[in-house]
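First, one chain by itself in structure tokens, the form predicted on its own.
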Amino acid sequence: MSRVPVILDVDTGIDDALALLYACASPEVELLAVTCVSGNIEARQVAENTRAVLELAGRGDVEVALGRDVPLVRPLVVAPETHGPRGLGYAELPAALMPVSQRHAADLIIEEASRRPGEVTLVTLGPLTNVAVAVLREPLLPRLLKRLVMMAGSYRSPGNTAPTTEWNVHVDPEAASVVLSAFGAPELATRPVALGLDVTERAKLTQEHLDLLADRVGLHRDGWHGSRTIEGLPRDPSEPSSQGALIVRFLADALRFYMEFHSRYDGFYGAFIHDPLALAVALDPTLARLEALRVEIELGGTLTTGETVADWRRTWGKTPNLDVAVEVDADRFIQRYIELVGDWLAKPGSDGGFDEDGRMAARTPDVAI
């Protein structure tokens, strides 16, 4: 199988954590590194969460780098009401053991793209601050990367922050504008891809989906009760069904917070899993239908700063600078997530599961990405 070299830029975050697990479970992903940006929480906590999730998944070998910890121009805002005070809802993970990279996130992106020109896919799941810094440092970056896929914007749907703005663009609209200007230049062979709320809010993960994931891992439980954490998951890594159980428990505890948030504000008990969908489309473009559009970022509006203004009727007469996802096969994506992650967690590792610190043991090459 041909593997796709991927760098993930994250603000981990509950749905970022789900995307990290999807990357770890995907045999076609060569996860080169993960870069961290402030967004859902501040960047240093993002780096802690990211390393902890990767170590839980047996991928402590993946380089994790910190980037700029504040937006280009504006004060930082974070979202503890959505993701919890430390970004992972009710979940608690062991402190990360591996150190943060000595490379700055922007330098890492530039260096890895330069080392393998035309091969690396960059998938951004948070504000675009790191990518903006990188392209300001190296204007050739759009030519060095194979693709840029972003979870960013809201094009024909309401915002989730202000009435017309999506969180990742809202946090650092100037960075989004820099990235669009650089990566959407008309002389480039490919345009960046954006998945906005129009499609990501069709990817709803419910408690029934988590039941199916637990079933796939081979966990026997009576369903969801009380706190909505799966009953019967072994806490002792030496217990027979522990392979994958700790990650399922982690997902249950993290997502319970996220689902409670959506129950209060969006009228359903479940979770929009924006970020894993963006990664899935980066790996399999058949999951989405794209439309080439001219998009500009509003920077000076009284009520609309951060809005992704799309020229649907081509009234500007400008060359498109963005491929916007307008349709997505959300059902196929959710099914794939359950099957891919569930089967990965169910398959025994080379030395029997989790170590004494509650981290998944390293996988054999046919299972590990």
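Remember, predicted model here, so these are calculated numbers, not experimental data. Note that residue numbering follows the sequence shown and begins at 1.
Beyond what is shown, the protein has a form predicted together with beta-D-ribofuranose; the following relates to that form.
Of the residues given (L210, V120, I110, L197), L197 alone sits with a heavy atom within 4.5 Å of beta-D-ribofuranose in the model of the complex. Of the stretches 92-100, 284-292, 248-256, 167-175, only 167-175 has residues with a heavy atom within 4.5 Å of beta-D-ribofuranose in the model of the complex. Proximity of N40 to beta-D-ribofuranose in the model of the complex falls within the 4.5 Å heavy atom cutoff. Put simply, L125 is close to beta-D-ribofuranose in the model of the complex: some heavy atom of it is within 4.5 Å. Remark: M151 counts among the residues lining beta-D-ribofuranose in the model of the complex, judged by a heavy atom distance of 4.5 Å or less. In the model of the complex, just one residue of 80-111 lies within 4.5 Å of beta-D-ribofuranose by at least one heavy atom: H83.
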